[in-house]
Each structure stands twice: as C-alpha cells, then as structure tokens.
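Single chain ahead, written as structure tokens, the form predicted on its own.
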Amino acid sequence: MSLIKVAGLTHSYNEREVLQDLNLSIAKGEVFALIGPTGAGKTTLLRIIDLLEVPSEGDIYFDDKRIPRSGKQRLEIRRRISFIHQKPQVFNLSVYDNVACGLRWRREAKNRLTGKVDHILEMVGLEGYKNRNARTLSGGEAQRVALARSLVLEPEVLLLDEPTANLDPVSTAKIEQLISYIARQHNTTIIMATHDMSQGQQLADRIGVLLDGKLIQIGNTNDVFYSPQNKEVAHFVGMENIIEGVITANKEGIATANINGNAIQAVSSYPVGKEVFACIRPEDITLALSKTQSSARNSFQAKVTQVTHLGPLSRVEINCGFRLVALVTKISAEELNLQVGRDVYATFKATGVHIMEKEINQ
C-alpha cells in the first residue's frame, strides 16, 4: 500500500509549466530517489509533497486519503513530514538548541526532550558539539544538524533536496551513511532529489527520472541505468554509446543489429526490420591488444582515437567502424599503453547491450 501518491499533478509558475501530469506512488519505508538535471522540477515536486505549495492541477494522497487544497488537515499531515533543503538552515544558537527547537515548539516535556536530543546527536556523530554555535560548523556538520533537527521529531516521511550538494567527499559519505541507517533502522519513508546518480543507485529502492518536468521512467537501478526507456533517459544516465541501427535477424531472442555494416548481437525480441538504438554502457566494454577466447558475442578490432584520464579511471574513445567509448581503470590503460592510434580489440556481451526502439521524433 502506498503512503504517498501523486495523481495527475501539473504545476505552473507564471504560465510556465514546470511539472507535467505526474503520477507516482511511494510505499511506506521506501527510499525513492528523484534524479534529473538542474531545473527539471525536482525541488518543486518536493515542495508540493511537503504541502508548501498547492499544485495547479492534480492531487496528493497520504495514507490513501486525498489531501485537501487548504484547511487544518494539511497542517496535521505536514507535522508528519520533514523537509531538509539543499542549503541547511541553522539558527544562531548552540547545536543542542538547534536540534531541540522543534520539540520545544511541540511542547515536549523537558526530561523527554533532553533524552531525545542527546540520542539523536549521538546518532549523527555530533554528541561532542552540543554546546558549539551551529553557525561555526562546516557544511557537512551543519547538514547533520539539520538532519538531527528533523529526525528528533520522528517524521514518517523525510524529504531531502540535494542532501550532499557542495559537500566534500568525506562529509558526503557520512551523510549517505546516515540516510542509509535511517532507512534501515527507522523504516522512514525517504524521498530524495539528487543530480548525483551514483548516490541514487547506492541509496534508493527505486529511482524516478525527471526531465523537463516529466517523470520519464520509474524503476529500480537496473531498470533505469541498464534499460532506459528512450534516448533522452539513456543520455542522462550515462549510456554514452547509443548507436543507431536496424534489426537484420532474430533467432530465439538473440537479435542482430546492423550498425554501419557491422553486426552487434543483443538479447532482444524486436523483429527484423525494426529501426533501433543499441546502447552499451562504457564500463561493460573490455579492451585488449589481441582477440581473446571469450563467451562474449561482440568483438571488434578498433583504433584508439582519444584517451582521457579521470582519476582512477580512463575514458577511451575508439573507432571500430562506429564510435565507442570504453571506461577502464587507469592501471589497465597504462598496462595496455592506450594512446591515440593504438590498435585494440573491444569486446562486450550480448547481455550488455540494451536495444530500444528508435522513435520517430528521435
């Protein structure tokens, strides 16, 4: 049963439509990640779910009950939801008082308040900071104060808007560990907006891709990152190899696609004659200096056209009658002496190829 449901939701600002006919159900205890570029409408959707804004059209349901567009019931439901914004807000008070303020507003008994605040500060790793002024904290520490202030109220739903934006890697890891812990131990329903796709993959049960105000695809990590529904989603989730072709054979679910006179084999039910895109993730391509014995159905002789080092990884562009991008470790790139003009063999499995129909407007 869904805890939160969005039905036919559309929203506009000054006649500019920022969300278009969204439908979404989120189960109790689920971690749901909204991914999309800046300006896609992620924050607006969170604000509407938090009842800070009323949608132009459509409805929000909480526990299967439609939320009215005004009135006392909205305030009652809002008390069951906490929203942590991209830039954490902290008051010019001690860490302890920042975390305690919500409980004081709700007139929590002092003896219970102290125990709750101490427990939450320990949970977020700030027990030694309780007397520090929150305005003197680092960005990551301030984000943990904001989390603690929300969690001490024991919300049923936690909304997170870019929870690690502009944080250093160490602070990011701490926040992600906290989110994971909250989801596991407290069964809190979490909806997080992020442009960090690896974060969505790591933390979420399901992912929704929001592009230009439309929820284009919803599914688990494999659905979204390895089986995108269209070219737009494929581009956004890092499917760099999107190659146009046509199905020339299909035998027992193994399809052959003609790509500029080259044949790529993939697991697909599309019939002969269907115009398609063959999509291969760069990390699913193996590079070698000679053709090796392998169960992989796709192997092409190629020439390296560009090598870009990205920290511990190397992005390698090759030409094998069509352009491919492979992602290998920097150590492998050095061992293979990958450089422009180098001859290599590119290999990938049929199961590593996602075939999607080429739509007319694509």
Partner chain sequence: MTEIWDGLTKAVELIISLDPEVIEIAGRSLRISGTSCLLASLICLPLGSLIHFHHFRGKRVLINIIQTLFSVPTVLVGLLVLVLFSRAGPLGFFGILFEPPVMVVGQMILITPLMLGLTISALSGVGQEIVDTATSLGASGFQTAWLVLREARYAVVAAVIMGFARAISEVGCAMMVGGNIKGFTRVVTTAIALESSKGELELAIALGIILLFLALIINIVLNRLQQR
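Residue numbers count along the first chain shown, from 1. Just so we're clear, the structure is a prediction, and the values are computed from it rather than from any experiment.
What follows is about the form predicted in complex with its partner chain, which we do not show.
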item: The single option of Lys130, His195, His186, Arg79 touching its partner chain in the predicted complex, heavy atom within 4.5 Å; value: Arg79
item: The unique member of His235, Lys214, His119, His85 whose heavy atoms fall within 4.5 Å of its partner chain in the predicted complex; value: His85
item: Candidate stretches 145-153, 220-228, 246-254, 108-116, one within 4.5 Å of its partner chain in the predicted complex by heavy atom; value: 145-153
item: Touches its partner chain in the predicted complex: Leu93 (any heavy atom, 4.5 Å); value: yes
item: Interface membership of Asp50, its partner chain in the predicted complex, 4.5 Å heavy atom rule; value: yes
item: In the predicted complex, Gly139 touching its partner chain (heavy atom, 4.5 Å); value: no
item: Exercise: Gln73 in contact with its partner chain in the predicted complex, heavy atom 4.5 Å; value: no
